[in-house]
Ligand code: ATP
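Next up: just one chain, as structure tokens, the form predicted alone.
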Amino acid sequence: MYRLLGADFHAYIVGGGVRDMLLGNEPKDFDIATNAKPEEVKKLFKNARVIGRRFKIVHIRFGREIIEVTTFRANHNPQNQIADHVPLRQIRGLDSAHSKSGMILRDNVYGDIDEDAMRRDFTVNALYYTTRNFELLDFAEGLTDLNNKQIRIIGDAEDRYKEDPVRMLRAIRFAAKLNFEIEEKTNKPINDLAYLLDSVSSARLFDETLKLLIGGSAQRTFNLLRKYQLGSYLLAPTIEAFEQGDVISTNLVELALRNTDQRLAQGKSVTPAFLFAALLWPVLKLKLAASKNQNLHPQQAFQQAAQAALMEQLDYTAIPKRFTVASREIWELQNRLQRRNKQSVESVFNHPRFRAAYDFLLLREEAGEELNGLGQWWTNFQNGDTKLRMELIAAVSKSKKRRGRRRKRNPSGVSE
């Protein structure tokens, strides 16, 4: 900010950084708004990189931190209207463009701070702070809405959602994160316009889903997604599985979301692969149940069900392959964790996904699934020395032999 100000530009911290400080929370990051054009910002900072076409911004890297710098935006030229489904490559050369349905396709028209404030999404994100005279500027009664604990969109809600349907998801995210209510006019069109998410790329919807679920309020967010139609455009398979009434599987999802919030609150990392393994577990269970009448080998049935669960979710959000592969490995290891002979135990214990699979196993037990103390066995195995580990494996082997002898003596399987 001081460097921009020193070069006779304006510079403000804007959005979430200001909002969170005013609420007494620790901001996750800081965004800067300025009247300097992206190219002018880049000249001032050797560590700067201009990114984006639809919405051109500058990333300035300081060590591991990235400061995002945006130039003040103005309203679009209403004549730059493009037919729906026209490829973006055909609008090169335009600073602004929007589709006939109202969606912004390119947003690089620059203006002043007053115009910029009115282009922002919600009032609580239109607060600007500068070190020049240490001023806080409020253009849209954002301070009032902070005090009233409400999320209110700037301008006409229907028009703003049509410009960018992801704003509906942002309304949900901020309401959950801040524990605010969504103001009535902001809330009213959401269900009617949820279908607009169909026009958003599945890659962007994946990014937005992650923001929704790893922002520290995953439980509240998921409940809001189920309340609104929006959830059907992000996590439809999971939400539909919830309606089937499998209590244990739904418990597992809720526990996974709660644990995600707790880990983030403790400053720990969260892996999207584990999160999606949990979110899609009810879907996998339903598909496994449906395959029982197909006379498939258990391993084949599992492979088909896992593939089907992942492919169904990919119709909604483009989960990167590295995450789908890891989620599938977590599922596959659930079966392998039950085979506790020496060779199998060593193989599973040395698997790179063992820890995630073990945590998932504990989650299944906590959700109410009866696994005959399997989680505790693996806990003891990890904490034990070599001698104890061999004893644990031997005990399982003896138990299996005793069960085998009993079955031989009583082939009917009926207790005597």
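This one's a predicted model, so the numbers in the text were calculated from it and none came from an experiment. We number the residues from 1 along the sequence you see.
From this point on, the text means the form predicted together with this ligand, which you will not see here.
Asks: Please tell me whether any heavy atom belonging to Phe206 falls inside 4.5 Å of a heavy atom of this ligand, as the geometry stands in the model of the complex.
Replies: Because no heavy atom of Phe206 falls inside 4.5 Å of this ligand in the model of the complex, the answer is no.
Asks: Quick one: is Arg355 in contact with this ligand in the model of the complex, heavy atoms, 4.5 Å cut-off?
Replies: Arg355: no, not in contact with this ligand in the model of the complex.
Asks: Is Asp31 part of the interface with this ligand in the model of the complex - any heavy atom within 4.5 Å?
Replies: Yes, Asp31 sits close enough to this ligand in the model of the complex that at least one of its heavy atoms falls within 4.5 Å.
Asks: Does this ligand come within 4.5 Å of any heavy atom of Glu332 in the model of the complex?
Replies: Output for Glu332 is no: heavy atoms all beyond 4.5 Å of this ligand.
Asks: Counting only heavy atoms and a 4.5 Å cutoff, which of 218-226, 297-305, 161-169, 266-274 contacts this ligand in the model of the complex?
Replies: In short, 161-169.
Asks: Only one of Arg340, Lys285, Lys177, Arg328 has a non-hydrogen atom within 4.5 angstroms of this ligand in the model of the complex; which is it?
Replies: Residue within 4.5 Å of the partner: Lys177.
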